[in-house]
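In the form predicted alone, a lone chain appears below as structure tokens.
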């Protein structure tokens, strides 16, 4: 799952090492237009719906945080 998230992020910014990146949102490693495309890409890839309660920077700032959020949604 982790690699799949990285692969999706690389579609937006292939020049960033997302495996080690921190602050994906807060350091603006992807911009707001990318985010608006990234969230639906995650939803499609993992067959989930990311509700408004998950729309907080800390859920998207690292790959591990994104994976944790996806797992939580899938378990929900």
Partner chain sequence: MSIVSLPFLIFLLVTMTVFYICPVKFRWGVLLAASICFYVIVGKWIFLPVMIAEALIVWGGSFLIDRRYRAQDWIIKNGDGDKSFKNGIKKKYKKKCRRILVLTLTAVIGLLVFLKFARYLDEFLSGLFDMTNGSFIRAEMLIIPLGISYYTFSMAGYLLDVYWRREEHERNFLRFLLFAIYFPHIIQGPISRYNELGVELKKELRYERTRVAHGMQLMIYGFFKKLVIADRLNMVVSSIYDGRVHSGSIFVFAVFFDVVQIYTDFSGYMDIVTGASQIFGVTLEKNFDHPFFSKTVTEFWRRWHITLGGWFRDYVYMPVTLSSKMKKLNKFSKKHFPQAVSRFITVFIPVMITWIFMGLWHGTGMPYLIWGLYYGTLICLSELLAPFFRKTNEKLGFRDDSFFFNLFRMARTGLIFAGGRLLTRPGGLKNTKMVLGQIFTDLRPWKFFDDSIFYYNISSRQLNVVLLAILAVWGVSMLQRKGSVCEMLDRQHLIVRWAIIYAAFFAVLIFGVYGPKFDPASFIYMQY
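Only a predicted model underlies this, so the values are computations on that prediction, with no experimental measurement involved. Residue numbers count along the first chain shown, from 1.
Below: the form predicted in complex with its partner chain, not depicted.
In the model of the complex, residue 3 stays away from its partner chain, with no heavy atom inside 4.5 Å.
At the 4.5 Å threshold, heavy atoms of residue 17 stay clear of its partner chain in the model of the complex, well away from it.
In the model of the complex, at least one heavy atom of residue 56 sits within 4.5 Å of its partner chain. Contacts with its partner chain in the model of the complex, taken as any heavy atom within 4.5 Å, map within 3-38 to 28, 31, 32, 33, 34, 35, 36, 37.
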